[in-house]
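The chain below stands alone and is given as structure tokens, in the form predicted alone.
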């Protein structure tokens, strides 16, 4: 045991943290997209695993063909919009359950991504392209600042949009679809718009990650939905614990990104502890399960009905004795 702890290098952990922060910010944009569908529309959208890779594939191929990297990110966002809209149309117009519609689109995107790239992965020629978002150790803090500014800008735009009449209709659709229809809201349109926006953000994040790591892979989105949900849940739990009753919607969105950063810092920490990389998916599932359980357990602890049940069981045991 002493040999194990002696083998750990604290300086290596500190050197790895900026990379974890950068990746957390990039995945935080993806988590905002998951938040749009998971919290705003109350839909489990599995399109995410496919649209994330689609954004990365489109971005890399455009850059390889001489496009400006920033413009390539815009196109990546648009590809995500299309993917999300397809899922929305399958769900609303063809009556396919949302989770199955997402799976169908995700499977289709796998083949589409292969056709976009021509093979399973494509790399960016970093010597021929000036990238603002890069994992280059000398430019890492610049990357962190750029992505952080993008996150704040996106959060502000989402906060503004969801406060408009159209955005309020979208939120109402997720909260109570039957009442929304009774009020004259076209809930089908709202679902399509929400799924499109959510996947647009996911694809934008995929484009950023492909620039950061210098390549796109057809499997780069595998498990993205789990990471997105982990970021959302971790962010919500931290927000409730730190801000409490003063928590407003803008801060909720901000804490989704913070949740993603925390997740990746935990990821970096676990790798630093020399855990097998093959176990990281298991760790992710455990972390998500713990953070999902915390709000429920807190609510049960505060519930008067729960306390009454505990007292009743205690009295019954005392009477049996």
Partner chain sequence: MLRVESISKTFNPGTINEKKALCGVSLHLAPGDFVTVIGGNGAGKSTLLNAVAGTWPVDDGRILIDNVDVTGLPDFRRAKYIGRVFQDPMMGTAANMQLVENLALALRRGKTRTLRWGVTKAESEQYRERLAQLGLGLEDRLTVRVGLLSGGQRQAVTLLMASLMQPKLLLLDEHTAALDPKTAAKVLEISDQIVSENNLTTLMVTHNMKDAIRHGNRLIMLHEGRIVLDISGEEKKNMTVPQLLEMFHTVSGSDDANDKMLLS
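Numbering follows the first chain given and starts at 1. Here the structure is a predicted model, which means the values were calculated and not measured.
Below, we refer to the form predicted in complex with its partner chain, which is not included among the displayed structures.
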**OP:** Give a yes or no for residue 215: in the predicted complex, does one of its heavy atoms lie within 4.5 Å of a heavy atom belonging to its partner chain?
**Re:** no
Original post:
residue 244 near its partner chain in the predicted complex, any heavy atom under 4.5 Å?
Top reply: no
Original post:
Taking heavy atoms only, is residue 115 within 4.5 angstroms of its partner chain in the predicted complex?
Top reply: no
Original post:
Is there a heavy atom of residue 171 lying 4.5 Å or less from a heavy atom of its partner chain in the predicted complex?
Top reply: yes
**OP:** Quick one: find which of 104 to 112, 172 to 180, 191 to 199, 229 to 237 has residues within 4.5 Å of its partner chain in the predicted complex by heavy atom distance.
**Re:** 172 to 180
Original post:
Which listed residue (164, 219, 125, 138) meets the criterion of a heavy atom within 4.5 Å of its partner chain in the predicted complex?
Top reply: 164
